[in-house]
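Let's start with one chain on its own, the form predicted alone, as C-alpha cells.
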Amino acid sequence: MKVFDRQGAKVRLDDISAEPPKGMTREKAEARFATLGQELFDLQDAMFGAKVNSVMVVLQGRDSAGKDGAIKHVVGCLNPRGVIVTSFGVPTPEEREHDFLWRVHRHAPRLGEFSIFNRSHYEDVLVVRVHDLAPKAVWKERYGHIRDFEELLAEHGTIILKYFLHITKKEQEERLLEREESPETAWKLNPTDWKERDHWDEYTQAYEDAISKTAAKHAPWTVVPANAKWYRNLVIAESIVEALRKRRKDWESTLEKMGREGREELAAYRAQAAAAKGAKRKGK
C-alpha cells in the first residue's frame, strides 16, 4: 500500500507491489477486518448524527480490479440508511450535454452521508485520454478542474478518499478467464475488457498522471494491493476508519451539544405545557 497526498509526487505503479505484505495471512486480515467493521459502523453512526461531515469514496481500477467486491464487503459494514453507491459508465446523452463534472457533482454526499463511486470523474482523464475521445488540450485542463472540485467539496466538510485498486496484468487475465467459467459472474463478460488489455501501458501512464496531478492532503490517493481480495478489503476499511477516527471527538462533542439543547427544549416545552394546563384548571 502507498498513499499519495501531495500534488506532483512521482508515481510508478510498477514499483508498487500488488501482493499482501509478508507475514499477512488471510486469517489475520479477515479477523482484523471484522473488528474494523464494527468500528466503521459506529463512526458512521456518529457522523450521521452530527451532520458536520460527509464521505466520498472513489474507487478506480482496471477491469476486474475488484471495485464491485470492495463495495460489497466494505460498504456491507455500513448502515445503508446513509449510503449511496453510484456507478459511472459511458455518459448518457443528457450527461454529454453538460460539463464533465456535472454528472458527478449531482451525487456528492450530503452532510452525514457516504457516497461510494464505482469509477468517477477520473474516467475523463483515463478512458478519454487513452482512446482520444477529447483533444489533449481539453483533458489536460481537467486535472485542474478536478482539483478545484475536490477542494470545494472538502471546504464544505466532505472527507475525500480515493483508491486505485492495483492488480497485475497476470492477475487480471486469470480473473477475466474465471468470469467465463462462473455462472455467477458470466453477466460481466464483455469483449471490451480484453481489448482494453492492449492499452495496458497507456492506462498505466494515465493512472500515474491522474494520481500525481490530483493528490492532496484533503483528497489523498491510496494505491491498494488488490491481487488478494481479502487484503484489498482490509486496506480500504483501515484507511476509511483511520480518516474518520480523527474526527470522532468532534462528532461526539456535537452530538453531546445537540442532546443538551434537545433536553433543554423538551424541558421548556413541558414547563410551558404544565403552565398552560394549570391556567386552564384555574379558568374552570
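A quick note: this is a predicted structure, and the numbers were derived from the prediction, not measured. Residue numbers run from 1 along the displayed sequence.
We do not show the form predicted together with a small molecule, though everything after this point is about it.
Although the partner is absent here, residue 30 sits far enough away that none of its heavy atoms falls within 4.5 Å of the small molecule in the predicted complex. Interface residue remark: residue 190 is counted as part of the site for the small molecule in the predicted complex, having a heavy atom within 4.5 Å.
Although the partner is absent here, residue 204 sits far enough away that none of its heavy atoms falls within 4.5 Å of the small molecule in the predicted complex. The small molecule in the predicted complex is approached by residue 63, whose closest heavy atom lies within 4.5 angstroms of it. Stretch 115-123 is the answer when you ask which of 115-123, 161-169, 210-218, 74-82 has residues with heavy atoms within 4.5 Å of the small molecule in the predicted complex. Checked against the small molecule in the predicted complex, the candidates 154, 176, 128, 108 yield a single residue with a heavy atom inside 4.5 Å, and that residue is 128.
Taking the partner from elsewhere, no residue among 101, 138 and 147 has a non-hydrogen atom within 4.5 angstroms of the small molecule in the predicted complex.
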